[in-house]
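The chain that follows stands alone, in the form predicted alone, written as structure tokens.
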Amino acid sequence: MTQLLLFNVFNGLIVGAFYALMALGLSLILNLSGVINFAHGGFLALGAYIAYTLIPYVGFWGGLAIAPFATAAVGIVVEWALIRRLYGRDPLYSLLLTFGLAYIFEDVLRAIWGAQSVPYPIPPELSTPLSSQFFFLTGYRLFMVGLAALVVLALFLILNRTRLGMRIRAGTADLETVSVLGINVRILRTLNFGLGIYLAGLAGVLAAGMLGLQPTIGTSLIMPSFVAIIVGGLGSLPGTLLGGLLIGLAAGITAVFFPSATEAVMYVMMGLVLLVRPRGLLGEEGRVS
């Protein structure tokens, strides 16, 4: 029983790391541009399939390095061609647009790579269990957790130590003032959108090695990512990170005792948090008004 609990807790933390990476990208885009990006899961799946296509030519590590940037480039094109035209309008328009894009992504992926799940190759040295007793502790799982932690740390350093990051934070607080100060808000939004999509692409590459690769891989992760934002608190990136880890951990523990409630538990947690603290665990005052 103890081993099973540890297995599910560790799995929950890994899945929570996927939720957190996804939710951080969603939160970046939502906070600065006000876009509820339902196509985020499609970008996640696209990143995974780009890496899958590149691996025979550049290897696993090359695919891991290139695919998130390629996905971000696609995201920047989509933002430039479609999404930026809806800034300043009712958020419902961007929500409907990205909702439609999510279905387009899924159908395009099916048309190119097929509807069936495909095996995602990982290096043999990472797929071997590190312990015969704790068989679930493979090098790949530890690598995923470590890389996700490094990426999150790098994101917070970018936001707090670079000029671009400080402009993104300032724009999140007051975009009109940032524009008056002479900063090109269009370029800022585009770069911020690309950064958010990069996180989705990276999450897709990492998730494919553990969950398998199919066109709907992003669909299964998008709603928990929105829940992570709500639980953690709108406008708070640390809260989003905390929310992702918490719902992943809760789902992992629930799978031990009540397997049928694994998906429901995150929504129950969201409801309880909103009852006690409507703005989320670390949400900023005024974001829900």
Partner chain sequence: MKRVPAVAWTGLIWLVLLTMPYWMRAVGGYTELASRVLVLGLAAMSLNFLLGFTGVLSFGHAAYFGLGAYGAAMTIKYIAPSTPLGILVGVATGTLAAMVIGALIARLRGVYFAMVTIAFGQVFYFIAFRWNSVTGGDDGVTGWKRQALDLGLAKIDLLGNDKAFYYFILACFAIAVTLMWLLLRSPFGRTLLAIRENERRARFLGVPVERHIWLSFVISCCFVSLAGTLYALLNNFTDPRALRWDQSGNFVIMAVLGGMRSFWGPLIGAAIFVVLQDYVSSHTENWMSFIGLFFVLVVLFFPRGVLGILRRKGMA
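Positions refer to the first chain, counted from 1. As the structure is a computational prediction, the values presented were derived from the model and not from experiment.
Separately, the form predicted together with its partner chain exists; it is not shown, and the next lines address it.
In the predicted complex, does residue 274 have a heavy atom within 4.5 Å of its partner chain? Looking in the predicted complex, residue contacts with its partner chain include residue 274, since a heavy atom lies within 4.5 Å.
At the 4.5 Å heavy atom threshold, is residue 106 in contact with its partner chain in the predicted complex? Yes, residue 106 lies within 4.5 Å of its partner chain in the predicted complex.
Taking any heavy atom pair closer than or equal to 4.5 Å as contact, tell me whether residue 52 reaches its partner chain in the predicted complex. Residue 52 lies outside the contact set for its partner chain.
Would residue 229 sit within 4.5 Å of its partner chain in the predicted complex, counting heavy atoms only? Output for residue 229 is yes: heavy atoms within 4.5 Å of its partner chain.
219, 260 and 267: each with a heavy atom within 4.5 Å of its partner chain in the predicted complex? Yes, the whole candidate spot contacts its partner chain.
With its partner chain left out here, work out from 152 to 160, 107 to 115, 187 to 195, 166 to 174 which stretch has heavy atoms within 4.5 Å of it in the predicted complex. Going by heavy atoms within 4.5 Å, the stretch is 107 to 115.
Its partner chain isn't shown here, but in the predicted complex which of 97, 74, 145, 183 has a heavy atom within 4.5 Å of it? Spelling it out, the residue with a heavy atom inside the cut-off is 97.
Pick from 58, 36, 70, 253: which has a non-hydrogen atom within 4.5 Å of its partner chain in the predicted complex? Of 58, 36, 70, 253, the residue with a heavy atom within 4.5 Å of its partner chain in the predicted complex is 36.
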